[in-house]
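Quick heads-up: it's one chain on its own, the form predicted alone, in structure tokens.
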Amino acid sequence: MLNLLYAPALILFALFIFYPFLKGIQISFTNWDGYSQEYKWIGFANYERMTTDPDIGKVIWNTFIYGIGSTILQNIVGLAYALFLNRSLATRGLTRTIVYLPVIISPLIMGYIWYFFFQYQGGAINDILLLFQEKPANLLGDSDLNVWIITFVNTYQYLGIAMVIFLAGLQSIPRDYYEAATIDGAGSYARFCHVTWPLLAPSFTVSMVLNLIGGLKLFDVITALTNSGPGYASASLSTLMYQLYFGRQDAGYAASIGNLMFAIISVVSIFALMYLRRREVTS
């Protein structure tokens, strides 16, 4: 029998998650503009439109860069920080706080802070570049560069989460394993490869999947830094969906983009989770 204590949570889930999800699927099969009381059922027209949309390929590519790029960088640098801060350092607590501090700042505010570093006129980085060249560089307007700047800012903000997860994993490893490896003559590198790396597998699973989902649905930092521009050069699926709904009053097509984003995040996350869980078993 279902425990009645679950009822409030199930009601909230149904109202704010399940119903909007089903409503989004329904709207994706209509030509609704997002405001009028009437709309027409148009079948799969919005999904067929994706196949001829000249911007959708670039937007999907950008979404994967934000998701996979941020995940790789956050886990590599987060693990390095965790290994460093797991030692007995006088400033360990202060350093952990400094690394984690960006996590508690609003992503939109974080984006605007970095905007002042990268902006074309009067940006801090351009002030430095002008010491060596005559003209400022349009860093955020460069379609080959701004995607990587956004990936860097997203990595910087959420680096602290990866660090905390890895620190928790490191501190759960029994010291006996390291002592036994040291007695067997294992050096620092061998201890990392044969003790730390295998036993950190559960931490990698949690950190990788969380970072991957966060990067694939990135929105705030893109809006603050480039507003998806120039054109849709730095747009992700989430910012494209927002602009279609509120900018073009094209809610039906925006809903189909949202469903595509849901499908991509679900498939990528499930495959990543299955692969990483298998690594835990083999470790």
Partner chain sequence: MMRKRVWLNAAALIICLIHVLPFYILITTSMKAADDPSSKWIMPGYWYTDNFTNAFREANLGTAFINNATVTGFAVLLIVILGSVAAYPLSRHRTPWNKFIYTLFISALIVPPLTILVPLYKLMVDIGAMNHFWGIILLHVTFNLPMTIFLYTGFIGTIPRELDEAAMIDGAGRLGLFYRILLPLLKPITATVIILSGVAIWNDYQFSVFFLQQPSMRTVTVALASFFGQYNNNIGWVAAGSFMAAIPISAVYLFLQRYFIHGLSSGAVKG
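Computed from a prediction, not measured in an experiment: that's the story for all the values here. Numbering follows the first chain given and starts at 1.
One more form of this protein, predicted together with the partner chain, exists but is not displayed; see below.
In the model of the complex, F219 approaches the partner chain with a heavy atom inside 4.5 Å. In the model of the complex, at least one heavy atom of G123 sits within 4.5 Å of the partner chain. The partner chain in the model of the complex comes within 4.5 Å of no heavy atom belonging to Y47. At the 4.5 Å threshold, heavy atoms of F117 reach the partner chain in the model of the complex. Contact with the partner chain in the model of the complex holds for none of L145, T182 and V195, as no heavy atom of theirs lies within 4.5 Å. A heavy atom within 4.5 Å of the partner chain in the model of the complex is found for one listed residue only; from I173, I161, I72, A137, this is I161.
This chain appears without its partner; in the model of the complex, the one residue of A190, I76, I109, L130 with a heavy atom within 4.5 Å of the partner chain is I109.
Heavy atoms closer than or equal to 4.5 Å to the partner chain in the model of the complex belong, across 233 to 254, to the residues S238, M241, Y242, Y245, F246, A251, A254, ordered by sequence position.
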